[in-house]
Structure formats: C-alpha cells, structure tokens
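The chain below stands alone, shown as structure tokens; this is the form predicted on its own.
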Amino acid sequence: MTLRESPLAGVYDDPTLTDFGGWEMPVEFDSIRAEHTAVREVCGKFDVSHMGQVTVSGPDAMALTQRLTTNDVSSLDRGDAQYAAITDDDGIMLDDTVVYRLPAGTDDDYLFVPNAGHDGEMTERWASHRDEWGLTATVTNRTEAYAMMALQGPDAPTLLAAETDLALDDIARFEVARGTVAGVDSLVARTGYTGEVGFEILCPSADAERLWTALDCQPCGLGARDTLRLEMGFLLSGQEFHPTDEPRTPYEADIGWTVALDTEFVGRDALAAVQREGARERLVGLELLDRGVPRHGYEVTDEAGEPLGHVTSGTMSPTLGAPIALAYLPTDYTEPDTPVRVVIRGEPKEARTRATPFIDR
C-alpha cells in the first residue's frame, strides 16, 4: 500500500520514518529524549498533518455535529473549540476529536479533527447520517488541502508572536483565531497534546514549508509525541480505545466529562445507562516500582497474581525518570497507590496505581 505523505515531507532533514495510520511520518529527528526535553523546557514543533481535517457547513451543520459527537456543540461560540468522543449506538468510542466552531470570516462553520487514517471514515459517517436524517449540511474532507503543525513548549508564545499578526494573549485555551503566520493565512488554536502551553496551526498545504521553516525550533517526531502525551495521561487512538480491539466507552477511558447527556447523540442512551450503573473498569495510571518498562498488552495482576487487566501504553518517562503506563483495571483497583503487578516477560513487577497526569501541568 502506498503511504500518504505530509506536505512537509520535503523539509524533513533525514528523520526516522514510520507508517502511522497509513501516513509516512517522522518518529524522531534527533532523539526522543532531546525532542521531549525541548518541548518541556523550551519549544518544539510537530508535523501533525496526518490528523484529519473535515469541515461542516450549512444550516444544519451544528445539528449534524451535535448528533455525532458526545459533547455539547451548541455551547460553542465562534472561535471556540471542544474535545469530544464519537461513539456508536452502544456508546463505544469510534474516535476522539476536537471540534472547532470556526471564526468569523472563515468559509466553513465547523472543523473537526479525526485521528490519522480516520478522515475518510468520518467524512462518510457525517455525510451518511446527514442524508439519513434529512439535514442540510456540506461535509468536506480537507485533509489533503490543509497542513497542520503544533508548536509546543514554554517559549511557544514568544516564538509564534514574532511570526504572526494575531494577539496571542487574546486566544484562550481551546479557542481558535484566524490570522497570518509567516505571511500565510492560517487558523491558530490554543490546543495541543503535550500538556505544555502551545498552539496548533492549520494552513494551506501549498504554504506549509514556508510556515514550518519560519518557526525555528526543535522538530519533533511521533516518539516524543508519545512520551509527552503519556506523561499527561492523554488517550491515543488504537491504544487506549479501538472499536474492535479495545472497545471502550468514554467513562471507561476516563473522559466522561466529554459526555453531555442532556443532548441527543448517537450512543447517548447506552452511555446514560453506563453513567447510571457505573463502569466496571476504568483507565488508570501505573508507576512501575521495579526495573523494567511496561508495554502495550502486558498483563496487570493483583499482588496474589490474579489477572486484573492489561497495559494499553507504557514508556520510561523522560521527565520523571520512571517507568509509567496506562491500563484498564476494575474500578476497585483504581484508587491511587493501590499495589498491583505488571507481568514483564513472565515476571511480575511491583507497581502502584497513579492518578493522571503523571506530571504537574
């Protein structure tokens, strides 16, 4: 299969590349640790053009998006954004996304961002439900038309301010504005996936290299992206949830705060039942106390060796210098400091549950 290529592929300086959701994307440019540290202490930039970009416009754009995401889209003013899940009739997460109500002067009304490789599926989902429900809205997959990059770290506001006509202090967290960056007409959102102050920027694919080059800081790949998001306890599609391999509700995935049960959406009744009865398992942080690194799929047991669940993601945290992980466990075992074991190559390793995020941000 031919992999999709980012519009920024031409400016990469010999990074390690991998297939991620059908895209050929950088894993690391220098080293995961160097890139991770740059974001925590200074600033780093990520090419996230593999994320989907789908716009929704027309008289029923809000109603359509409201009925296909779990959060309350009607609460968004122009220039607002919100995190949400996309669920099936059983309340199982198909994807997670950020929904933007676009600023005045933008051609479209809403933009939502599916995960890598999900843009076609989600565009079809919006279009087919629009037709089924008789709504009037235009749904357009703009993933190939837009480039998307993230600028993250304590110095991100200063670096971006030098290249934009926007008043960045006026853009609050989960707000989006339209302006120029390096002379390129762009959407600038105060969002990100690292826990640091920062921005995500969308621009036409044809102008992506110019903007990327102007933002002069450490380029970062998927490896640092993963250690940074794990320290924050953020979900990764395909790891913490997957409709067949890891079918989970937002309550199990510990993002129940994205579910607005007073709205009508696909999966609402099933999720109301879960909320009423309580989830049997929940995603929780783990810190390994013995030596070793917990990885995806490793079994988690109680102190007596009875199976409890499994690790969904794990790494050696560059910030903490300790092995950390996320795992689904019965809710009786999710209180912080509960002793458990992670089985690594047949050997049970001492661990304890931790609240997330693992670091103070």
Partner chain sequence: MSFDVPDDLRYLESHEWVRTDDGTARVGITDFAQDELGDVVFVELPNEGDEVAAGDEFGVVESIKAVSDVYAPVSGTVTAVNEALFDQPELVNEDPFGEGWMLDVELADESELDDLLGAEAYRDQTE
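What you see is a predicted model; the values in this text were computed from it and never measured. Residue numbers count along the first chain shown, from 1.
The same protein has a further form, the form predicted together with the partner chain, not shown here; the description that follows concerns it.
Contact here is defined as any heavy atom lying within 4.5 Å of the partner chain in the predicted complex, and by that definition each of E28, I32 and R345 is a contact residue. Heavy atoms of M316 reach within 4.5 Å of the partner chain in the predicted complex, making it an interface residue. With a 4.5 Å cutoff on heavy atoms, S237 does not count as touching the partner chain in the predicted complex; it lies far away. Among heavy atoms of T123, none comes within 4.5 Å of the partner chain in the predicted complex. In the predicted complex, the partner chain sits beyond 4.5 Å of every heavy atom of G309. Exactly one listed residue, out of T164, N115, Q218, T227, brings a non-hydrogen atom to within 4.5 Å of the partner chain in the predicted complex: T227. This chain is drawn without the partner chain; in the predicted complex, the residue among R276, R291, R173, R280 with a heavy atom within 4.5 Å of it is R291. Listed stretches are 60-68, 316-324, 38-46, 301-309; the contact stretch with the partner chain in the predicted complex is 316-324, by a heavy atom cutoff of 4.5 Å.
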